[in-house]
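Quick setup: one chain, the form predicted alone, written in structure tokens, and binding and motion questions come after.
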Amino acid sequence: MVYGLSTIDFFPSDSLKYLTMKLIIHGGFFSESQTNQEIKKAKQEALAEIAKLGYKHLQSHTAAETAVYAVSLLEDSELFNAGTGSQIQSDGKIRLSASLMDGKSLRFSGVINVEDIKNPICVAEKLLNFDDRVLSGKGAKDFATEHGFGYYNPETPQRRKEYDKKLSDSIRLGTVGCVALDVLGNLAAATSTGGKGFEIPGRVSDSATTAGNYANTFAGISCTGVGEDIVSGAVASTIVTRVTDGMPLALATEKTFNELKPIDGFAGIVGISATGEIYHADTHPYMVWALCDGEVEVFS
């Protein structure tokens, strides 16, 4: 159960089901999707299936629970750089970061650079009920172990091959994320990443910060791209703040992205507003995403 809301009496009546529910997910940036048709097709199919499953989950769960569920499925796919198949850092280790924000309770939780677990987004969800809600490194790992998250090695042969050859342009770049709007009008955002690859150990991405993942009662945003650029622009929280102040989601995103131009900021977002406006945008092609509001739409 996510903080403050049970799924037992989730729907006030069957007549309200399916009226406002929306879900959008992203799989990060993926330049090879324009040249490698096999990989492009695999990502499109994976995103479409996860969007469908996420939307089905949303029919009987909260926005926060659904965001976690969808991101955990993305983490489990080797096609994306989160969870299984994450990038390897410069010292040969994989460290994962993820966060969740429940727009209703305004609670944010996350893990930063946690090792040896399968689904960092699920650890973030567990932390939502605690006073200390963002943990890093060994503290995050100890918390995960104490709460039943067993040892898991997220490395794949492809990632090891890339690391051994010191490649810098993987075929599975980017972060994954989900924003969901449930039937009660509540929003949540969840984001997870395996990092950029070959980074200095200890580097913190945007994914477990409110710059990269933010939601309130007005809008929810999940980001992908270069973490340092996203943090510099406080992208997710800035967009949501502008929507809160009355700006349409599309215009709020455009204005925020324009403010990244002086640093040639590299970012992409998916978002939903409380009024049901659903939006995606990127500063550099190509972000991959899928949405579902009863019908599935996929782009890469």
Ligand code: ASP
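Note that the structure is predicted; figures quoted are calculated from it, not measured. Just count from 1 along the sequence shown to find any residue number.
Note that the form predicted in complex with the named molecule isn't included here; everything after this is about it.
The partner is absent here, but in the predicted bound form a heavy atom of Arg203, alone among Lys141, Arg107, Lys126, Arg203, sits within 4.5 Å of the named molecule. The listed set Val183, Val134, Leu79, Val226 contains one residue whose heavy atoms approach the named molecule in the predicted bound form to within 4.5 Å, identified as Val226. Using a 4.5 angstroms limit between non-hydrogen atoms, Thr175 touches the named molecule in the predicted bound form. Within 4.5 Å of some heavy atom of the named molecule in the predicted bound form lies at least one heavy atom of Lys196. Proximity of Ser222 to the named molecule in the predicted bound form: non-hydrogen atoms within 4.5 Å are absent; the residue sits far from the partner. Although the partner is absent here, Val114 sits far enough away that none of its heavy atoms falls within 4.5 Å of the named molecule in the predicted bound form. Between 126 to 134, 156 to 164, 143 to 151, 206 to 214, the stretch whose residues reach within 4.5 angstroms of the named molecule in the predicted bound form through a non-hydrogen atom is 206 to 214. Counting a residue when any of its non-hydrogen atoms is within 4.5 Å of the named molecule in the predicted bound form, there are no hits in 98 to 130.
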